[in-house]
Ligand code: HEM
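First, one chain by itself in structure tokens, the form predicted on its own.
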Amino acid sequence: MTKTTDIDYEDIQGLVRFGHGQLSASAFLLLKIADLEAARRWLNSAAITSATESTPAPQSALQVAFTAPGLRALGLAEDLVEQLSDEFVSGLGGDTNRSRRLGDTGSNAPQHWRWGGSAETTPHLLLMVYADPTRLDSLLTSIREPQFEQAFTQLAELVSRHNGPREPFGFVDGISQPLIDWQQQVSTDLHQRDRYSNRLALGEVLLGYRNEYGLYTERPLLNPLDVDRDDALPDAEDQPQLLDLGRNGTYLVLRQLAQDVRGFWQFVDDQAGADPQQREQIAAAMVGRQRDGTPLIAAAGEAIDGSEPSDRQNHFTYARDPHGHGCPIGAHVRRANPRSGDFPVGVDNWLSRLVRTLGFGRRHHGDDLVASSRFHRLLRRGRIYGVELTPEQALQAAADDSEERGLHFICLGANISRQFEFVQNAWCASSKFAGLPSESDPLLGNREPLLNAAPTDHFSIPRAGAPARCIQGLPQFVRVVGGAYFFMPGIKALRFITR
């Protein structure tokens, strides 16, 4: 791949590039438009944080994204809305087949959600406010001035007061993030990109750039004769005679996940017979890492593009652990990112490529069962919520603890279907991941039986030279309580949409 045009960081919302991790408090406001003209005025003048570097770093950040009903409510032409992805247009909770594929059934079903499960509870827009914990409340007060109150009705406010390195179950999180190729120098040629890499084509995250296939994802393009040139939309890189409403924008998936921290650790403790060492081993096997983030398999000196050898937590693949003796095949993080390439280990010349392409030369049954990770990576931007409950506290006798803990799961990507939905459906929610027999994700699984009534409430831990240990009767540890698909436009497109 050759570099095409320079990146206009002023046109990209800063969440994509920075994640705002230094701003440890956040509030996500889920809003309906109450007054169209007031909403347009407020959004058009809002100080949206861009991806431009600044010194010193900003003390707060403001980002905005829209649902398909929100874009329609703002008056965006229907033919432009329809040029956005089908998944975005139909919505996260608006299709029973999608819900089934994503595991949003049973207690996870949209009809049980607090927001996003119906037209009435689906927001028009998501306003994301980031700040230092001491400034969040005052910042929200300043935002809620009279014009804002006239423009919007609030459906919900999702607040995170801290953003530590550990997710609610107590494991270090956010380790495996793709390194975005901002310089647009990474090749997408099959013969150069057939191994697992931590470096990701820019077009996998932002619309308007080449993706890992070397192609441009479909997005709304406009004839310049149909718009006012003062709108200053960028030209489409692949069709320069057209203006690009999608360029520098991305899709944002938000799912509110409630986590039963006490239930998780007490179940694991019961399986371990209250033995502390066994408890840690079982919990690590289910997650796929130790609590401090240490992987369960050795790096073995693997060369991984985009990962430094000194990065012990991320400098590895599962190629040398095909049977899951180090990290169980069904472990949560192995499902979420199998670290697979276009070809398995041992395919390094034209003859071995041909042999594998014809379906021969498999070393074990799982060689070809998992798709290449580079086409399905997610850029995660989630935030934890609720008062921390350590594993040690969770093991104590049940107290009067009504506090909900969980994750405001957020991911960004240019293709909802090929990225978020594929990972959630084919890897996390699948009961057949990598050839496993009717086994659900040990953390995210909804424990619903299959259509043939086969149970999915078990987890296997393979052991070398011995039968696998099978843990039966897993409760549901994570419950979906809200969610929606959003489009987070570039800042120029935002001004066009709200003009």
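All residue numbers are counted from 1 along the displayed sequence. The shown structure was predicted, so the numbers you read here are calculated from the model rather than taken from an experiment.
Not on display, but discussed next: the form predicted together with the named molecule.
Among residues of the shown chain, V159 is not one whose heavy atoms approach the named molecule to within 4.5 Å in the model of the complex. For L202, no non-hydrogen atom is located within 4.5 Å of the named molecule in the model of the complex, even though that partner is not displayed. The closest heavy atom approach of A283 to the named molecule in the model of the complex falls outside 4.5 Å. D173 belongs to the set of residues with a heavy atom inside 4.5 Å of the named molecule in the model of the complex. Of the listed positions (L71, V423, A394, A131), a single one reaches within 4.5 angstroms of the named molecule by any non-hydrogen atom in the model of the complex, namely V423.
Checked against the named molecule in the model of the complex, the candidates R219, R289, R418, R193 yield a single residue with a heavy atom inside 4.5 Å, and that residue is R289. Only one segment in the set 219-227, 147-155, 251-259, 104-112 has residues whose heavy atoms sit within 4.5 Å of the named molecule in the model of the complex; it is 251-259.
Across the proposed site, F169, N337 and L444 without exception bring a heavy atom within 4.5 Å of the named molecule in the model of the complex.
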